[in-house]
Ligand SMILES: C[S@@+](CC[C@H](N)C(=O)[O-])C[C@H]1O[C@@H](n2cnc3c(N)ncnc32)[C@H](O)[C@@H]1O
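To begin, one chain is listed below as structure tokens, in the form predicted alone.
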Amino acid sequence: MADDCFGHPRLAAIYDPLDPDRSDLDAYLRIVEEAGARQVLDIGCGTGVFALLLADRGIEVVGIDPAQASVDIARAKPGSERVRWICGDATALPPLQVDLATMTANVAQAIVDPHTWQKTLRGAYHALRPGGYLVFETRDPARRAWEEWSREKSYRVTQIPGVGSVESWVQLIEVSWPLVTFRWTYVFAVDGQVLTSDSTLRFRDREEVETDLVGHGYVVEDVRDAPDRPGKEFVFLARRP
């Protein structure tokens, strides 16, 4: 089930304006170019930002996400007809043969159930052509990112066209290792509505992720730093032989 920040229609509609800086995707665009990929599967595509960036470059894209509200936002964007949108997850994909599959941002960590995680890796593997790549990021647990998740450090007021002023902030709810739960709160000035969205991320260290990938037949070609967040995340490039 998708978190409310992706699955609630009112929250999905403000997701992009609240997070307009997607320079984190630049590294993925470079990897797509580096791999010479012409067909890409975007797992956890959300509101379609990355999928549409790829489509703009003439790449054939399949975007899949379990949050119907986010997929609806993606489908309403200019150029969306160039992407094949699927509401679902990578555990039950249609037959595909893509050059590269991605899980950008927090997607890999949002798959908290170990069984679902294994099925996701398996699903992505079968969607790749031989020689294709799975590319995703995950935070380095040693950096303890959750210690920065507080109202004091995250509070902001955003003016959104057609919506008005929205207050938002995040608060840490629980650390039950390896799971970390936090809550986003949104206050809409136009009518005073307060909405919250609870999310849980699973923190996996590098060795655990590499073991999982190898166990599903991948060859781990590289583990990189995230250029926009140096020292904070691992970016995995895993190849289907």
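Just so we're clear, the structure is a prediction, and the values are computed from it rather than from any experiment. The numbering used is simple: start at 1 and walk along the sequence shown.
Just so you know, the form predicted in complex with the ligand exists too; it's not on screen, but the next bit is about it.
Across the proposed site, V61, L93 and A127 without exception lack any heavy atom within 4.5 Å of the ligand in the predicted bound form. Checked against the ligand in the predicted bound form, the residues S80, T116, Q97, S150 give one hit for a heavy atom within 4.5 Å, which is T116. Only one of I111, V170, I86, V166 lies close to the ligand in the predicted bound form, with a heavy atom inside 4.5 Å, and it is I111.
Across the options 29-37, 43-51, 187-195, 209-217, residues that bring heavy atoms within 4.5 Å of the ligand in the predicted bound form belong to 43-51. In the predicted bound form, V223 stays away from the ligand, with no heavy atom inside 4.5 Å. The ligand is not shown here, but in the predicted bound form it comes within 4.5 Å of a heavy atom of R22. Among heavy atoms of A105, some come within 4.5 Å of the ligand in the predicted bound form. Though the partner is left out of this view, F6 does reach within 4.5 Å of the ligand in the predicted bound form, counting heavy atoms only. In the predicted bound form, the residues of 55-77 lying within 4.5 Å of the ligand by at least one heavy atom are, in order, D65, P66, A67.
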